[in-house]
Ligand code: BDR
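The chain that follows stands alone, in the form predicted on its own, written as structure tokens.
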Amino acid sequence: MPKHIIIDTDPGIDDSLALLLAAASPEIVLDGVIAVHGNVSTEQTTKNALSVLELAGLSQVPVFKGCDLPLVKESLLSPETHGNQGLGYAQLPESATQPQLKHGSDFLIEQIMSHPGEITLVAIGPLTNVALAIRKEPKIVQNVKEVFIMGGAIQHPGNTTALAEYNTFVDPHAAHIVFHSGMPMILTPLDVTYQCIFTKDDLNRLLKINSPITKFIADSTRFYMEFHDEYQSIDGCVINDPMTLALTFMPEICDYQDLVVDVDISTGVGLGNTFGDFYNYEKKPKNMKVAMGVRPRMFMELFLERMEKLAQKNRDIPKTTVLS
């Protein structure tokens, strides 16, 4: 039975690759996409979600606009990482499909409450929409099947501050609400995602297929690779979000630990720091499962094979000249 999934996202280059992976994965049914502020503004993440879904052949999937701002702190966008429009050097036509009128948090509540125990939430952006939904309808905590979260850095340096990962730093107060909600959560932190590098060799493999899919991947990730090279001396780019989605149907990619996990919401250098209490000093109930080990090439082979299949379905057919 395919899993029914809602993706809450801020596309974003690797967020867009996660949407492509969703289109290429028969194990899941994508019931909806909720856009949130983050890599670019919510207005732009909504447009990007619609355009990427259309590229992937999923224009029938409804897209909902979510929160424009974090719950408490000021907004933080990341044009240096994802480009001014969020998709690197890629240019996609604006989708003819319009976003739904309902707020994304209300859609999330409606789906979870009308299908108890059936909806898997994949949250790969800041957690503002999810936290708002919990505040509006606390019963979603008991009725959601599971929540996969891309965020945090447990024993790994941060990628936004020395301690904090981007999604968590952008809205640490929302993360704090979600982490302490009691939802069944699986966290995918930088500890595992930063071992999964999409390389130039991987890209060249995909470029053997002439397709709008491979062109988009090339144009978007080229910008991402330049950022990773300049700022973090990484040869290639980290694709955090597709890996998080992949765990919904291939959990064996990672090894997990049940941990007490919290996020620092105090002011100062620790803001947004996600940490695990490995020794459980305060004897608290463990609140989530955390991916702490990974098989990088298992994930990358999955991603590449599925992108190849998706690209094959959407090949550019070269025009032929008919001679009389």
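Source: prediction; values computed, not measured. In case it trips you up, residue 1 is the first one in the sequence shown, and so on.
One more form of this protein exists, namely the form predicted in complex with the named molecule; it is left out here, but the text below deals with it.
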Quiz item: Between the options A174, A133, V144, I124, which residue brings a heavy atom to within 4.5 Å of the named molecule in the model of the complex?
Solution: I124
Quiz prompt | Partner-contacting position among T214, S105, T120, N159 - heavy atom within 4.5 Å of the named molecule in the model of the complex | solution = N159
Quiz prompt | Stretch from 97-105, 112-120, 200-208, 162-170 whose residues place a heavy atom within 4.5 Å of the named molecule in the model of the complex | solution = 162-170
Quiz prompt | 4.5 angstroms heavy atom contact with the named molecule in the model of the complex for L245 | solution = no
Quiz item: Does any heavy atom of T45 come within 4.5 Å of a heavy atom of the named molecule in the model of the complex?
Solution: no
Quiz prompt | Touches the named molecule in the model of the complex: C237 (any heavy atom, 4.5 Å) | solution = no
Quiz prompt | is_contact(M150, the named molecule) in the model of the complex, heavy atom dist at most 4.5 Å | solution = yes
Quiz prompt | Members of 1-38 lying within 4.5 angstroms of the named molecule, judged by heavy atom, in the model of the complex | solution = D10, D14, D15
